[in-house]
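Given next, in structure tokens, is a single chain: the form predicted on its own.
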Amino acid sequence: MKEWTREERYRELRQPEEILDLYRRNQASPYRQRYHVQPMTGLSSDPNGFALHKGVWHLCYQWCPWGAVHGLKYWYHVTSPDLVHWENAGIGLKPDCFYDNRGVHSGSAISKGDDLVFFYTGNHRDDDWVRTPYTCAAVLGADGRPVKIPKPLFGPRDDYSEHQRDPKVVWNEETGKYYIFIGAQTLDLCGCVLVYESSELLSGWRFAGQLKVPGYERFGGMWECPYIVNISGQDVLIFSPQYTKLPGRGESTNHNVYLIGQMDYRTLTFTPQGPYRHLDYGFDFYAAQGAANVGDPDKAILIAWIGLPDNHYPTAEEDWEGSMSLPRELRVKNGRLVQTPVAAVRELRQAEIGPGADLPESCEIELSVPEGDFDLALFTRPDGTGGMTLHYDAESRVCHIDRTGLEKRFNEQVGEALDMPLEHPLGALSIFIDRSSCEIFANDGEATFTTHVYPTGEERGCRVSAGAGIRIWPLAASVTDKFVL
């Protein structure tokens, strides 16, 4: 893999022609997704600025245009009428001022009246490469591009480490205030969330305090991408703890978890009603962000980065990597989150194919699972061997998923086999395959498992236990990958 210098990673994009050849090369990759948002060139990471505004869904993603490398970050902007058909809208935010001279880092958005307001972390570094994070804002202009507010809303606090980022803005009806949740790290290197409050979106912000989460005072070394949402009267806290290993997660030190409980905005206390749970049990799922202005009190809409901060993938050799997950509807049922793909995805179904046919590059699979142990293998070779395997142990109610049988192996040092535990016996699986990803939904969204996969042209088979019912639909392309800056 290419070794990047700091100058190469932090080079400013000045003219479209600088990446046009890279765009053409990236387009030729057999692993370009057909119905998932992905980088136009280079690398995509965290989803940002996700909101519904005047009937249009807006989404940005962290973007480094030069290759599969984390460097100078932009926000790239895409839009959709239905969360499935996405179009490139061009650069949303670029690092072009003092406060974000080394990157426009992650954040959120919220719609208010005629305005769609974006909140982001400006990553400033001085000549000695010392970081100062600023919380900044921008407003969607008449031309469809965000216009920055000249000054930051506020700067960092010196009683926390330099890791203060990822502003998520929410409105609380009870207090009549807006709140910004900032992922942060204490001076003794513990993850936490800082809370700011204001009665106005673009002025009057003051530090309200550190979010109290009883029992989680020393849980991980940094909490990225905090998000609080109320679903059917229950509060859900979602965040990404870093710099820690968690039981059953191999060697990974980056995770995405959630707590269900009660949020008290007056005391800034989130009281969990049970243990943390993994938002997704797969290898590659991180920095999940919920959409603002969903308009339904009984659900939230979530999207995540299919990837992890310290991992790299086979397409790095082609100078690109990354993808967004399918947008998911979140509901609370029996004290747990239930996640299902947004309904419009099923509009992409084409004519159903027989179970003996090769797996299409992009498809949806529905499986009804008989009682007892169960086995499934995807992307097997012509002789039926290899592939990514799922073994369900009925006694323990655990799905064990192993991708060591794939020809293109990657991130082996982190781990290539993980468990997806279930609360109820496995009865159904919905699987969404695209050219370089696989998302598994068990028992109508009781648990999910997301991973990158890079099958070769020979790895197109599927093997399933006797007695299982299986249906397969090829899925049409829904993401336009035009060159737009």
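Quick caveat, the model's predicted, so the values are computed rather than measured. In case it trips you up, residue 1 is the first one in the sequence shown, and so on.
Beyond the structure shown, there is the form predicted in complex with ligand FRU, which is absent from this document and is the topic of what follows.
Taking the partner from elsewhere, no residue among 284, 321 and 452 has a non-hydrogen atom within 4.5 angstroms of ligand FRU in the model of the complex. In the model of the complex, at least one heavy atom of residue 45 sits within 4.5 Å of ligand FRU.
Contact check for residue 105: a non-hydrogen atom falls within 4.5 Å of ligand FRU in the model of the complex. At the 4.5 Å threshold, heavy atoms of residue 26 stay clear of ligand FRU in the model of the complex, well away from it.
A residue is said to contact a partner when one of its heavy atoms sits within 4.5 Å of a partner heavy atom; residue 224 meets this definition for ligand FRU in the model of the complex. Contact annotation: of the candidates 62, 448, 41, 437, the single residue with a non-hydrogen atom within 4.5 angstroms of ligand FRU in the model of the complex is 62.
Proximity to ligand FRU in the model of the complex, defined as a heavy atom within 4.5 Å, singles out one entry of 403, 77, 328, 73, which is 73. Looking at 388-396, 344-352, 165-173, 145-153, the stretch with residues near ligand FRU in the model of the complex, meaning non-hydrogen atoms within 4.5 angstroms, turns out to be 165-173.
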